[in-house]
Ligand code: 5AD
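In the block that follows, a single chain appears as structure tokens, in the form predicted alone.
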């Protein structure tokens, strides 16, 4: 049967969808050219924000109405459980984020409706990959035990589970043999790899830095990235890996959420403003060009103007290379959902715009410092905005574009490494020319 997958949400969902695609192909199904051509459509859902969940539910309803065999997977399924069939009575199957490996069997059986939540199971087929790219996501840590007050992820993705290091090393080795140049290691709080369960049979030190060192030794692999991080994991051992292993990219996505100690305590983030800034300093002491990006929530319940200004000043002091700003919205079942959502929507919008404007200025300032430097990039193809330009990323995850030559007879291969000199800077991108 022909199938297609619609994915909403984070990189974890993107990776899960890729695994399901690989499992469906291995089971003898065919990837459809598009939705109209598909007999089976699987919607991979997100529930971090209500809007994302509604999009997935709405899409599934439209597919059911069009007569498609429709399944939902992912975080929204786990949150809603059996209630999903009240929202979508004709949905054929629904599987949680730790049960996606069952989808080929569910389709083969054809006995609908089916609900599989997976609980804290380790998904089958986690190492299944398609063969379409020079980049690949690799999941190393499932679930989350941080229990931040606003976050529903621990409820929908379950307790932390660190995959055995030997499995990850074998998986990345196979990817490198197939031509993958860059891997991104995924975990909700990836620096906690090996904390809840043993990841190494013969090692009692910090598990994640050891994993990075082992992966750095794999022939053919050019770059290693990982996301997302927590300040508590920015240890001396991690810094030593950045220093010793050039394949580990000097970029860290380090969500801060707030610059107010009071709000951070309310959120249950387990660090102070001072501790967060100390983590950033350790990275920048190693390399002033080290790229640090972050997530911030504005309008958390009880956030005052003073709290907001604390966030604004922290962002300036940390000098983030990029920031992703989110307006607070309560999620059912989280601790913060019981609090009064007392910051007016208009004020959330204002604070959002203030931080975005600050980041535009800050991003331009940091990028201008790179004009005249040489950056090593991996080629990603034509620029998304201008077809007459090429695009790639440096080790700091910065997008660099350059003019496509008129003679493309010796065109670049995707993932090919080249050196560019930066000749211009914008808040979000750099402009370069090949050296």
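Residue numbers count along the first chain shown, from 1. This one's a predicted model, so the numbers in the text were calculated from it and none came from an experiment.
This next part talks about the form predicted in complex with the named molecule, which is not shown.
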Note: the named molecule not shown here; in the predicted bound form, the stretch from 328 to 336, 199 to 207, 275 to 283, 123 to 131 having heavy atoms within 4.5 Å of it is 328 to 336
Residue 290 versus the named molecule, in the predicted bound form: is there a non-hydrogen atom within 4.5 Å? no
Tell me, yes or no, whether residue 135 is in contact with the named molecule in the predicted bound form, where a contact means a heavy atom of each within 4.5 Å. no
Residue 297, heavy atom within 4.5 angstroms of the named molecule in the predicted bound form: yes
Are any of the heavy atoms in residue 241 no more than 4.5 Å from a heavy atom of the named molecule in the predicted bound form? no
Considering non-hydrogen atoms and a 4.5 Å limit, which listed residue (257, 139, 359, 260) is close to the named molecule in the predicted bound form? 257
Of 176, 151, 99, 165, which residue is found within 4.5 angstroms of the named molecule in the predicted bound form when only non-hydrogen atoms are counted? 151
Listed by sequence position, which residues of 1 to 34 have a non-hydrogen atom within 4.5 angstroms of the named molecule in the predicted bound form? none
